[in-house]
Each structure stands twice: as structure tokens, then as C-alpha cells.
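Before any questions on binding or motion, here is one chain by itself as C-alpha cells, the form predicted alone.
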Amino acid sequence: MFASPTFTPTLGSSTFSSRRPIASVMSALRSNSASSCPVLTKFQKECATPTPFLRNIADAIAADMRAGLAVEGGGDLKMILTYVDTLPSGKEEGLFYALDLGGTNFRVHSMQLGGMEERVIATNSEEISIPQELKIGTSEELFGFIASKLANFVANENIPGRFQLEQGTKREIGFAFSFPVNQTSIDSGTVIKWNKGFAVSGMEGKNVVACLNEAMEAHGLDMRVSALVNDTVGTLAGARYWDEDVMVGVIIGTGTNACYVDQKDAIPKIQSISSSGTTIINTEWAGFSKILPQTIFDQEMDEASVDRGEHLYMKMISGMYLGEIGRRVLLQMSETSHLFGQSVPVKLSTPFALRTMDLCRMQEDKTDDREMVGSILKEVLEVEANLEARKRVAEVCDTVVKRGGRLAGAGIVAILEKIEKDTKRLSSGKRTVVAIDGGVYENHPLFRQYMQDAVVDLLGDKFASHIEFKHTKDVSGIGAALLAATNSIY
């Protein structure tokens, strides 16, 4: 545990910004009328994350990390061994592919690598939307769809002569699979639990790599998966290719997760296997569920989810859920305090009608008349709101985003303190980079600011001054391709 700081440092290409402006802006946002709206007042109180409470959450996450590293199933956090013991170095050569499956869409990538001198010669990628019915269909349907789109992608590529496939070999692909997996080697693993709205049947006990390999073969693809990784691991690996100080990878988008580089001799559950060098640990922190500031709205949303009682941390910080939490609060305010007049807007009663993107845009509206808030309410919920109502809506949005950002910061601190305990990087002044991707982090600056403020609150300015946050957009697939190269059998 570190002492609390007195200021926020500016860091590198992705920076900590001062907390003073955001504090004054958000206090200006607070409406004096909140006291006349009991639902809003109670919600704000229950979502509060003062530093001492946030420290307890970081400590609880750290305890779960230790439990998960000691024995399989020891805590809420799975602390999954990824078998990624070697990270990309820049020496990789050849043509490699990646599939990145993890949310609303999936991506296909190809990379032409030319070693230390040429590095990345060329890349190509395509993003493909996943039909909703496939998210709750069978494994054959989902992987068949993915393989068919991959086959189309490969067929349309113009491959230079130096990268033509040699006789007797197969193309190698990295599979960034962003769901909890019980991994047994670098190229095999079984699904532990679907999340993020997926509930694919027929996967019990099945190796996800075998499912993809079979689907690729059925579609005439001469390819094999050589690396199975989480999208967070792919993010870390892709960022590490260009920056050797990257130690943590984080995704905060539709879902959320984090991974980090750990010392093998600090992982009790693998001491009988190996005790030297480093490896990447996939925390699966979405599953953390202890001492979180859960409100009645969180509880009701959880009750209606496909994974009831699980992934509570994710349900408070990820893009799939923030908008829905806000909608539920606004609905009760409308029902009990006549937020939008005597009638309750029809669309406000529709689950997930309010997207996280819209919630964050309303939170970021600092104009006197809250013009953006009014515009979004009219466009999305078909609501005409007066200025007082728009101010209250903005307060709800800020409360949801602030809680989410600060909880995410507590998780990052738990990981950084684990790294510090084993390596003393921060106390020795060594730069430590957290690579982050995901739509919530990328598109919503106040979420980022709240998250970074929490990191500084908990670590102290001395240690935080050595931390750099880097936004590494869409590199998880690239990282998976690089790990396919690193783990090539040829």
C-alpha cells in the first residue's frame, strides 16, 4: 500500500491530467435540486468511491489475485496461465494472421513481418459484425460463420512472392478469444464461461482452437492456430512489440479485462512446472464481485442478465452496461419524481435503450443549457426535457461514469502493486507502461480522467510519476498475429 499524493503528474504520450479542472467542472454540474430528488440523492451516495473505500476494493482485488495464483479457483479472479512466456522481439519474419473475437464485432488481420530491419512491412484488416442470433446459437454456427469470413478475406489478399506458402506448411494464425478460457497450452483451451451477451451452446469441454481449426478446414483454409490468446494479452503483446516497458494490458470496452507480466517464481500454482523467467497472467478481473458499491439498479440489471450473480465488476465499468444502469435510474426518477413530466416516456422502459456512448456524451456536456443532453434525450428516448431535468440527467450520467472510472483505476492499482512487490520497478524509478484499449477508454475522456485520478489517489504521486498510460487502439489482433509468429512451429 502506498501513501496518498498531493498532485497528479503529466506522463508521456497518454497523460495524467490535473484533477483540479475536472473537480470544479463536475461540482458546477451538481444541481441544487438534487436534494428534491430522493432517487438521485440515494444513487449518488451509494455510488460514492472515496479513497479509503477505493483502497479496500484494490486490496480485495489484490487478495483475489493472490488466491487465484496460489491455486486454481482460489478466488473470483481466475488468474489464468496464458503460456505466453516469450513476447514479440521484432525479429519475427513471415506472413501471419489473426482473428479477434470478443464483442459486437470480430476482426481479421494479416501482417507481413520483415524482421528487425523491416519490422512490419504491411498489414491488412477487416471488421465484421456478428449477427445477434449467432451469439446465442451453436458453436458450429458461430465458428462456421467466422471461418467463412476468414476464407473471403484470404481469397481477396494480394500476397507478395516472398510470403507465398511453402509446400507442406500451413498459414499460422493467432486467435484472440476474449472470453474466460481454461488454457492448457499456447494453442489449446476450453471455455469457462461466456459473457458480454454471448451464450453459445455446444462448447462444454470443447477446445476452442479445435473448433476453429475444424471450421477452417471445412472451408478449405490451409491454416492452423498457433497461439490462443485473450484480447487483453494481444493488446499487451502488440504494444510490447514497440515498447519494452509495457507491463500491463487493459481492455475497457464492451467488456473489460486485464493482464500483466508476472514473475514465474511468484506464482505458487506453477512451481512444479517452471520457476524461472516471466509469463503473462490473464486476470479475468471482470469476475470480481466483492465489496462493490452495488445499488438497487445494479441488482435489478444483474437479475435480468444472462450471467446473473457473476461478472459484477464488469457490470459496473464496461460499455455494455453503463448506459443501462443510467436508464434504470432515469426510469425510476421519471416514475417517482416526474423527471420528464406526468407521463413516463415509453422508450425509457425499454432495456438497453440508452447506450453507454450516449450516456457519456450527456455527461460530457458542460454548456449552460445542456444542449447536448436535450438533443440526445429527444433523439434516443423521444423526450422533451426542461433545463432542470437535463441537469439531473447529466448528474446521473456523471455518477455512473465516475464510479466506473474509479473502480477501473482500483483494479489497475492492484496489478501495479503486485508488479512492484515482485520487481521494485516503480521504487527504482523505472518507467512502467499500461497499454489500454476499448471504446469506453478511447472515446470518453472523463472516464479516463476519473480512472487516472483513482490510480494517483491510491499509489501516490512518487510512484504514479513513473506510470504511463498508452492508448493502443486495435492492437489486440496485431498482438495475436505477432504471438502466432513468436510461437510458429516452422
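Here the structure is a predicted model, which is why all the values come from computation and not from measurement. A residue's number is simply how far along the shown sequence it sits, counting from 1.
The same protein has a further form, the form predicted in complex with a small molecule, not shown here; the description that follows concerns it.
Trainee: Test of understanding: in the model of the complex, would residue 235 fall inside 4.5 Å of the small molecule by heavy atoms?
Mentor: Heavy-atom contact with the small molecule at 4.5 Å: absent for residue 235.
Trainee: Just to confirm, residue 288 within 4.5 Å of the small molecule in the model of the complex by heavy atoms?
Mentor: No, residue 288 stays farther than 4.5 Å from the small molecule in the model of the complex.
Trainee: Given that the small molecule is not shown alongside this chain, does residue 407 nevertheless sit within 4.5 Å of it in the model of the complex, heavy atom to heavy atom?
Mentor: Contact with the small molecule, no.
Trainee: Although the small molecule is absent from this view, report whether residue 180 comes within 4.5 Å of it in the model of the complex, heavy atoms only.
Mentor: Within the cut-off, so yes.
Trainee: Among 315, 370, 403, 196, which has at least one heavy atom within 4.5 Å of the small molecule in the model of the complex?
Mentor: When the small molecule is considered in the model of the complex, the option within 4.5 Å is 196.
Trainee: Could you check which residue among 398, 172, 284, 187 gets a heavy atom within 4.5 Å of the small molecule in the model of the complex?
Mentor: Selected residue: 284.
Trainee: In terms of non-hydrogen atoms within 4.5 angstroms, which of the given stretches 416 to 424, 255 to 263, 129 to 137, 89 to 97 touches the small molecule in the model of the complex?
Mentor: Result for this chain: 255 to 263.
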